[in-house]
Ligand code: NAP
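Encoded as structure tokens, the following chain is the form predicted alone, with no partner shown.
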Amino acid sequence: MNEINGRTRILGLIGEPVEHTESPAIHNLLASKLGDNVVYVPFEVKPKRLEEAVEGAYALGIEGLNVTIPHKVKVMQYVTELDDAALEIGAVNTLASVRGGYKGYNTDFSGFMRALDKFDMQVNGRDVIVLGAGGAAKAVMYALGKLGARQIYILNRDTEKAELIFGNVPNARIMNINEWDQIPEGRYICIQCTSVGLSPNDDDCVISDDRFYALIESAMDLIYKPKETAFMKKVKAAGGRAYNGMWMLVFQAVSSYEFFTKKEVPEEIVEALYAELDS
């Protein structure tokens, strides 16, 4: 990290809780590699203080903020401008300073798209299975639509919740997660968007039946701790390719940093950042 002085610019994260976040490590490492005089710190903000926090951050000259649970939707009320993608997704995870306030962006979807490209998972014209219908699935579904996915099977334990969120998506079929065996035989791309299997619950798996994994050609688990989830192990055991969410996390952070600093991060820095975080 660069020496903090009178020219140091402040970036940060708002959420509740924030003590387990990886964002400070990622952004401070990125700033160090780029030689930027920037420091990134987490701020725990209770929901009832969110508006004050956003206004106060702008008044203090904080150039950018990431936004995490539980503020990604409510914070949209307090931005000066809103990016089109964030508006369509219905969630914001990045605030970048503009005249009069902050502009809200969503870099979860762009991080996901860049990770798919990194893994050579070509979605255009393909059928896709999405596990889960929470906040992460919103960004994933938006990206899949942009990339031209043909049919999307959304498997979720609460189908009513999934219908409320994705019921108007024309190429989406919403099913209970226990109805996976009604998916036609084939080889699918699968995106695991739930928190099932997140460390320390490494042995948990959203679908335990090994027969499901015969459907999967390639998969991404958005979880990055542990490095190989139980879901990934089952995909690989059935002959498919499986990747964790670390590249998505890195690309999401890089995209946010680019909005904060208004400059592009070179590809070699992105690769070096990933290598250090994955070591």
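Source: prediction; values computed, not measured. Start at 1 and count along the sequence shown; that's the residue number.
One more form of this protein exists, namely the form predicted together with this ligand; it is left out here, but the text below deals with it.
Three-residue candidate spot Met113, Leu144 and Lys262; no residue lies within 4.5 angstroms of this ligand in the model of the complex by any non-hydrogen atom. The chain is drawn here without this ligand; in the model of the complex, the stretch among 76-84, 94-102, 150-158, 180-188 whose residues come within 4.5 Å of it by any heavy atom is 150-158. With the partner omitted from this view, the residue of Val54, Val67, Met248, Ala219 that lies near this ligand in the model of the complex is Met248 [heavy atom within 4.5 Å]. Of the residues given (Val128, Ala136, Met121, Ala172), Ala136 alone sits with a heavy atom within 4.5 Å of this ligand in the model of the complex. Within 4.5 Å of some heavy atom of this ligand in the model of the complex lies at least one heavy atom of Ile223. Contact check for Thr229: every heavy atom lies farther than 4.5 Å from this ligand in the model of the complex. In the model of the complex, this ligand lies within 4.5 Å of some heavy atom of Val206. In the model of the complex, this ligand sits beyond 4.5 Å of every heavy atom of Ile89. Taking a 4.5 Å heavy atom cutoff to this ligand in the model of the complex, the contacting residues in 189-214 are Cys193, Thr194, Ser195, Val196, Leu198, Val206.
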